[in-house]
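Take a look at this one chain, the form predicted on its own, written out in structure tokens.
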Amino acid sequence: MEPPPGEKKVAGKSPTRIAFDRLRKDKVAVVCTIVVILLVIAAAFAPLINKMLNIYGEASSLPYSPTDVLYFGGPNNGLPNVGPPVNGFTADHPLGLSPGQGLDNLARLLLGLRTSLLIATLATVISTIVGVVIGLVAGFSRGWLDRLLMFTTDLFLSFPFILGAMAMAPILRARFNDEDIDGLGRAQLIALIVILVFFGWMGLARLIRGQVLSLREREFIQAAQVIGVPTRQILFKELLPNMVAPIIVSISLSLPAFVTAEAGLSYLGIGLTGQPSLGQTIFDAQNYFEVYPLYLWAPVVTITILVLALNLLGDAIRDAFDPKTRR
């Protein structure tokens, strides 16, 4: 029905639409979204960017010998003879070359960013699926199944993350490694994702269970049960759509946590060792901090910017979906 002349038409908005409207008005969220998108684009197109700039981040693709671009002997032994730290900056290698290998630092940084974001994204997606399914089943079921799932969740929460990662990494690598270089890299990648998922689903499972406990007593759920709607349909078509907000918030906070965890594990030698990643780059650069600080600061600053942007964006998403906050 058309409103009377002189009155504006009132249109209803869903909670998700209201949240996205609030996000668009949040300047911090907009800036962080732009930063994250730029970093994701740089990571996704890292091989293409490296090819366009004619820079190389892997030893297998180097068109020159490391002896052509490195000092050997003297006080600068192992340092690059092109660009910093001995010479000035050059446009051919904006962040310089890596000591000992002669790889381009910018190319290696982009490839490392690509690997770290890939691992963090896969770990976030898989752990979210696991956490949502376990939380839904535990919250909707009553009796022994709920108690068993929550006991398992508490058991995983009580296990030390670093100790578990150190114990699981060699076992998983041996399981997936088929004794060649590609197989080792693939085994390390799978092992790292499995470890992050293994210790990353519990928080969301507990959150979803709490939401289901409050929703399962609502009239629309009881009505669905009375008319004989299958349990799977109640879980995934009635309950799950009402938990989009906490799931989105959890994803936005899990992603930076997994980026940091990947860097930390790679730095400790538990993660990736034979392929570029942000943590591996920091591990390689730690011994050159005194003579070549740029080699270390470049990946550290990149991780800081990425994690800070993701965290601030996660906070903004959480506030946008919370009707009690006003920003």
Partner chain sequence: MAGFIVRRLLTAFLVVVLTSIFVFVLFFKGLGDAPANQACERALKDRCTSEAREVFAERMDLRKPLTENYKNFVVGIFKGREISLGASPQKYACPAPCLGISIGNGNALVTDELKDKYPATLTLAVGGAAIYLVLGVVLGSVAARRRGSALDRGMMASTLVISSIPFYLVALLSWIYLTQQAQVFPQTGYFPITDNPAKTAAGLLLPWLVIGLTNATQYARFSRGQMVDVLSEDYIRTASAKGLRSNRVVFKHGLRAAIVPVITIFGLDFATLLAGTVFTERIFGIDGIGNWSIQALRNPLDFSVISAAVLVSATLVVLANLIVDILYSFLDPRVTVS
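Remember, predicted model here, so these are calculated numbers, not experimental data. Residue numbers count along the first chain shown, from 1.
Although it is not shown, the form predicted together with its partner chain is what the next lines describe.
Taken together, the three residues Phe20, Arg24 and Asn54 lack any non-hydrogen atom within 4.5 angstroms of its partner chain in the model of the complex. Shown without its partner, this chain lists Phe220, Phe159, Phe89, Phe72 as candidates; in the model of the complex, only Phe159 has a non-hydrogen atom within 4.5 angstroms of its partner chain.
The partner is absent here; in the model of the complex, the one residue of Val125, Val229, Leu163, Leu145 having a heavy atom within 4.5 Å of its partner chain is Leu163. Not displayed here, its partner chain is kept clear of Leu149 by more than 4.5 Å at the level of heavy atoms in the model of the complex. Proximity of Pro170 to its partner chain in the model of the complex: non-hydrogen atoms within 4.5 Å are present. The shortest heavy atom separation between Thr260 and its partner chain in the model of the complex is within 4.5 Å. In the model of the complex, its partner chain sits beyond 4.5 Å of every heavy atom of Pro47. Contacts between 295-320 and its partner chain, taken as any heavy atom within 4.5 Å in the model of the complex, involve Leu296, Trp297, Val300, Ile303, Thr304, Val307, Leu308, Asn311, Leu312, Asp315, Arg318.
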